[in-house]
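A single chain, nothing else alongside it, follows as structure tokens in the form predicted on its own.
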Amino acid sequence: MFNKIDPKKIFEDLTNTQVWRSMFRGGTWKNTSRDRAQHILGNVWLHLHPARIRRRAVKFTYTWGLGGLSFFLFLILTVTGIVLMFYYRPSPELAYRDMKDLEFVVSLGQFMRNMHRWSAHAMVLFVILHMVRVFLTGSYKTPREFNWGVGVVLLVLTLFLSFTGYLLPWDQLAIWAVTVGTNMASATPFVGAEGPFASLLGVGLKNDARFGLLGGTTVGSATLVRFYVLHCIAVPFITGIFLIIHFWRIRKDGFSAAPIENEPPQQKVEVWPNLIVREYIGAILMLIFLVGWSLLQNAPLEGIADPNVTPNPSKAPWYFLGLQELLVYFDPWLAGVVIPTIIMIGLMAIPYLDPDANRGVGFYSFKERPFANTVFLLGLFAWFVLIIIGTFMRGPNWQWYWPWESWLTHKPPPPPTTVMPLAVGGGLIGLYFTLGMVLPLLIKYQFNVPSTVKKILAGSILLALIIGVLPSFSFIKGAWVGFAVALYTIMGILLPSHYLKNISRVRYVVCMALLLMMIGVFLKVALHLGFNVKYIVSVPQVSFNI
């Protein structure tokens, strides 16, 4: 009476109906190369991928799925953020109460908040790792220079997106973390009340950058509304625009697994299913991890925000703790504004400073680009060391406490610091940059880099020991001198003379300026820790201190 049901025939009839074909291009799935390509090109979600890709590009150990996972985390944040908006009211009287309702009243409220919080932290980490992967594989080179710059902007937006959400729980952790962060805005040169040259322009506490960010002079209801709008609408909107540009340029510029010189061309494979399946598996594994972590670990929520009770220490979010640690050694305008700005500008300039657009593209190429990778990894390593110090080794009054030490242990105040005479400090800085710019060009001898580096390190250790036994010195001071000599000689003179002096003069000057500023940060830290030097140059009349 009834014909035998054939699911395959039913599916074919369905996909050949006018309704189906009006929504989805193609017809009956035939699992041919042409159909797999059409599936990519005709799918609104997948069409940013090329139809075919080099087999090397689908290897997990090439991309580690970091870009796709970063975007997947952005989607999780969007979905969980929308859900949380149904239960959250941006008012100092209600915000903290709504957090408690999420914890005890709303079904799955705590879980959704956990997912949102941990996804935000994971996104910051994965965006950074994605940038590292792109750099180490030379994937920022021609024709992807512009897209690398877009990626740097997305990194900044990711940090700002996470930072603006920090205040919304309206607890003690939030209000004081945001206070620390926004205080850096007040140190901005020209537009911050505590920054250099502000007095010349009449900028004060009630019209500077921090006032504009907070909506007042302290963190209050206006601040909460501003951060709520920034976090939920403004920054995601801007981030979405840059994501569209980023993905569009990836499609137009081609995937980064470029052909390798002197190797036979690799066979290409269809993106569907070879790459898409890997992306879906990566997303599922990430989702499983986040769900498990959110079930096991609740997002922190301290007591309700109280401007009259200051925690000691008061710490910024972990991704800003490197900047907060730099406040020990630099004025806020340098640590919180100038250094991050130079880092961002330097990162965006990398593709345009690279003298060889074809060297080391599309694979992990430390041997091909030892200088570029060494400088990049050194900066990254230093940044995470500062974050680790700020997270685990700073206690009350921002004094050094080892992880096994109790914060109840009394620590003596740090020794008094000194300021160099203006002429001496200015002369040292001028000599530092002049020698750094000139000496690499004057060295004509072609040396073996590993062997010479070993000799310089050995000489620096010997110098440290000699200085360490001198009267009025110590082995600690000797160690800092040895470190400074080794760092400046190797990174500021030896390696540039070997790898940079043959590039164009414009590129050389910009590269050396950025490199010397980076080394200068290390040397200033050494001067502070080893010799208690607070400022090399100080002009208090205009709040200009280095």
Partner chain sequence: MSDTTEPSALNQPEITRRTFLFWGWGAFLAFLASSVGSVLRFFLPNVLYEPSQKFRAGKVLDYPLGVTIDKANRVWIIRDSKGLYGMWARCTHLGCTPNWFPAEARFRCPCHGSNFSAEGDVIAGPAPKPLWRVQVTQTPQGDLLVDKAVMENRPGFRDKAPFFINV
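As the structure is a prediction and not an experimental result, all values here were calculated from the model. Positions refer to the first chain, counted from 1.
Form predicted together with its partner chain: not shown, discussed below.
Judged against its partner chain in the predicted complex with a 4.5 angstroms heavy atom cut-off, the residues Gly215, Leu327 and Pro414 are in contact without exception. In the predicted complex, at least one heavy atom of Trp176 sits within 4.5 Å of its partner chain. The shortest heavy atom separation between Lys534 and its partner chain in the predicted complex is within 4.5 Å. Remark: Phe211 counts among the residues lining its partner chain in the predicted complex, judged by a heavy atom distance of 4.5 Å or less. Using a 4.5 Å cutoff between non-hydrogen atoms, Pro169 does not count as a contact of its partner chain in the predicted complex. A single residue from the set Trp398, Trp148, Tyr432, Tyr88 has any heavy atom within 4.5 angstroms of its partner chain in the predicted complex; that residue is Trp398. This chain is drawn without its partner chain; in the predicted complex, the residue among Ile82, Ile288, Val309, Leu442 with a heavy atom within 4.5 Å of it is Val309. In summary, the region of this chain contacting its partner chain in the predicted complex, judged by heavy atoms within 4.5 Å and restricted to 112-120, 362-370, 202-210, 161-169, corresponds to 202-210.
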